[in-house]
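Presented below, as structure tokens, is a lone chain in the form predicted on its own.
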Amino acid sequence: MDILPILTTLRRHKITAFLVILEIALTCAIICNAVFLISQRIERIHMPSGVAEHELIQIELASIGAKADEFARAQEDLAAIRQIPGVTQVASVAQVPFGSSSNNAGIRIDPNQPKSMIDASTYYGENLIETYGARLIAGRNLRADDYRSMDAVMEGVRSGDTKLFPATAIITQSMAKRLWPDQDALGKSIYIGKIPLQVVGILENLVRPSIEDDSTANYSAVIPIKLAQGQYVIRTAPGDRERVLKIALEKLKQNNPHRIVVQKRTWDEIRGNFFQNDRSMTGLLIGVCVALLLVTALGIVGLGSFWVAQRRRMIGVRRALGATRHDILHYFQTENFLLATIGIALGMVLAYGINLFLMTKYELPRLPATYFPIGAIALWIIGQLAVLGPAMRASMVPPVVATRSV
């Protein structure tokens, strides 16, 4: 019953009503897209790595001077680390998940394909899968006879002797599905250049060191190549990591004091550093959302207070004709709900347009329809709470005082 009087009143305050609608529309459009971006960032921050993160330590070393007998020195280092109480696994690796550098290779399933089907990260290192704690879901793990030394591989590159290259590989489940969507990948071959590698195992997950596209984050392959010293990954109980890290550094220094420590950190620190920018962006977007909602709420409060002051005579007349306090309160809340609804409807159109722009310019995914009601409900609730104070003050105006005001 209040709709017609409300619409009549709003027609007499077109500019004020339009500004409120525009403010709500812009807030709705930005909030819908911002909440979507926040959810994308949070999902990325919690991306599974496929490794036993809370059990792992990374130590990266750099030699000073000549690098003679690197492979033998690496074996000495590994043997020393294995003797530390609490160490369950250790490996010398070339790269680590969520690391700063990545070895990548174009992957084909036919050596005659003109272009690579995908670009995948290639992990090297003996005992790597066991140390990382990656889960093998099909096939077998790499055996001792699968491995080739890095020196032999480099000689194969120079001489062209393919017998010096590894003949097997283990790939991730997502990579297998991309290469052979409806087939079993076990027993099939992938090609790095012209070099065939038979797939002998499938990992559930193993994230890449550096991630440019989340959809390809798990395109990884483990190639059986033995490495010399450089980076060591140690697996131990979560509570023993700091103790083991300290002892490991001492033993490595004893083995060869002519080295400097480039990195010494737990995997929690590696993940934290990798996603630092994403956390900062998430915090910034949350701050933008809170600020917009606060400004919108304050705008509604100010408008409500202004209209209550302007309509004291109308309120008094309605009270004198029998309107209760609840009727006055309901009137202002209904009016605000109508303005919010119009603004939200316009805001959804703007939100869709902003998302199309972001999709075109920044390759962001399409905004799911579920985020539209999220923005609408948030603005409806904030609008009703914001107008509650002015509406209650209006309902408290005595009829006699109101009718005497001019």
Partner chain sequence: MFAYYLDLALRSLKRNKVLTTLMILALALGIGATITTLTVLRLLSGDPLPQKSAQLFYPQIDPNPKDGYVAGETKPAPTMTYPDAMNLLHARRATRQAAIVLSQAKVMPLQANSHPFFSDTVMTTADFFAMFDAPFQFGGGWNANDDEGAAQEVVIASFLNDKLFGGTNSVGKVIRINDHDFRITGVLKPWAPQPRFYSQDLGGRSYGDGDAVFLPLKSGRAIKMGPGDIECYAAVSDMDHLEAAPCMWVGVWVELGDAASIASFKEYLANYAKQQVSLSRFQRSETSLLDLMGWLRDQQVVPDDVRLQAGLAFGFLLICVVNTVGLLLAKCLRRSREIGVRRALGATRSAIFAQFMVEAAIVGMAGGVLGLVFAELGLLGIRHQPAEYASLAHLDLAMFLFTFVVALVASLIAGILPAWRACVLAPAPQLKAA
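Residue numbers count along the first chain shown, from 1. These numbers were taken from a predicted model, which means no experiment stands behind them.
The same protein also has a form predicted together with its partner chain, omitted here; what follows describes it.
Visitor: Judged by heavy atoms and a 4.5 Å cut-off, are Leu19, Leu37 and Gly299 together in contact with its partner chain in the predicted complex?
Guide: Verified in the predicted complex; spot residues all in contact, yes.
Visitor: Of Arg241, Arg108, Lys226, Arg319, which residue is found within 4.5 angstroms of its partner chain in the predicted complex when only non-hydrogen atoms are counted?
Guide: Of the candidates Arg241, Arg108, Lys226, Arg319, Arg108 is the one lying within 4.5 Å of its partner chain in the predicted complex.
Visitor: Taking its partner chain in the predicted complex as the reference, which of Ala237, Ala72, Ile137, Val157 has a non-hydrogen atom within 4.5 Å?
Guide: In short, Val157.
Visitor: In the predicted complex, does Ala291 have a heavy atom within 4.5 Å of its partner chain?
Guide: The answer is yes: Ala291 has a heavy atom within 4.5 Å of its partner chain.
Visitor: Answer with yes or no whether Pro114 is in contact with its partner chain in the predicted complex, where contact means some heavy atom within 4.5 Å.
Guide: Contact check for Pro114: yes, within 4.5 Å of its partner chain in the predicted complex.
Visitor: Give a yes/no on whether Val295 approaches its partner chain to within 4.5 Å in the predicted complex, heavy atoms considered.
Guide: Val295 belongs to the contact set for its partner chain.
Visitor: Although its partner chain is absent from this view, report whether Leu303 comes within 4.5 Å of it in the predicted complex, heavy atoms only.
Guide: Yes - in the predicted complex, heavy atoms of Leu303 and its partner chain come within 4.5 Å of each other.
Visitor: Would you mind picking out the stretch of 282-290, 170-178, 328-336, 85-93 that comes within 4.5 angstroms of its partner chain in the predicted complex, counting non-hydrogen atoms?
Guide: Contact criterion met by 282-290 only.
Visitor: With its partner chain taken in the predicted complex, which residues across 15-50 come within 4.5 angstroms through any non-hydrogen atom?
Guide: Heavy-atom contacts to its partner chain in the predicted complex: Ile15, Thr16, Leu19, Leu22, Glu23, Leu26, Thr27, Ile30, Leu37, Arg41.
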